[in-house]
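Okay, so here's just one chain, in structure tokens, the form predicted on its own.
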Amino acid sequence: MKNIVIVGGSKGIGLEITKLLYNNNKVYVLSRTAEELAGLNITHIPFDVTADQLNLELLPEVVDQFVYCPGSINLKPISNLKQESFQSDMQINFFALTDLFQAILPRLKKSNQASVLFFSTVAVSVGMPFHASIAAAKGAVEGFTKSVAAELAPGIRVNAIAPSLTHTSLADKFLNNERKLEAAKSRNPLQEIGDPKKIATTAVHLLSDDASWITGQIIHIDGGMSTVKTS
């Protein structure tokens, strides 16, 4: 049984990761809400990554796996992006991640083989209009992933998943009618929107001992958007 800390584990991909892990592990979920965690044998810690300081006394002395899921989708023309938008996206996607990671790192180092997982976006590797702010923030996550993977090997593995548009509450405004849904599908080589459950399956594998020879990787689960051109 492992001690697992999941930030943002009550919605979307994070919730699906929580559901896959909680039965055989001790899972601590840090999130603003807990309604969808009802009935799951987990420890919920109310936490807002934009405002709160982590109370380490609420976590175990040894952390075996750490997952950071919070993100944002702030799509605007570059001419309309104010500095506040860049700062907000960096705070949610990167600065809060680094703060929590540094706080938990001493406990990860106490694990026999710790693993860490972050989330990026396909928009880092594929230039997309209106994605300047989020691509910049997630680009920082990818650089951080590779750097700390090198620094902390072999004791701690660090990887990231870079999805394309996925069916989550965060993406609802882009998928809330048939026209938007079909347009989003048509932009994807596999003609589908991402499934949080399928992404969670890969996430759990990357965290597990079965992936013990994988570190410093950005895993693209994006329907082929980052590598395949069909027309």
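Since this is a predicted model, take the numbers as computed values, not measurements. Note that residue numbering follows the sequence shown and begins at 1.
There is also a form predicted in complex with a small molecule; it is not shown, and the following applies to it.
Annotation: in the model of the complex, residues 13, 93 and 119 each come within 4.5 Å of the small molecule through at least one heavy atom. Among heavy atoms of residue 170, some come within 4.5 Å of the small molecule in the model of the complex.
When the small molecule is considered in the model of the complex, residue 185 lies well away from it, no heavy atom lying within 4.5 Å. With a 4.5 Å cutoff on heavy atoms, residue 165 counts as touching the small molecule in the model of the complex.
Although the partner is absent here, residue 88 is not a contact residue: none of its heavy atoms lies within 4.5 angstroms of the small molecule in the model of the complex.
When the small molecule is considered in the model of the complex, only one residue from 55, 50, 176, 41 comes within 4.5 Å through any heavy atom, namely 50. Screening 98, 72, 111, 125 for any heavy atom within 4.5 Å of the small molecule in the model of the complex leaves a single hit, 72. Residues of just one listed stretch (177 to 185, 56 to 64, 32 to 40, 201 to 209) have heavy atoms within 4.5 Å of the small molecule in the model of the complex: 32 to 40.
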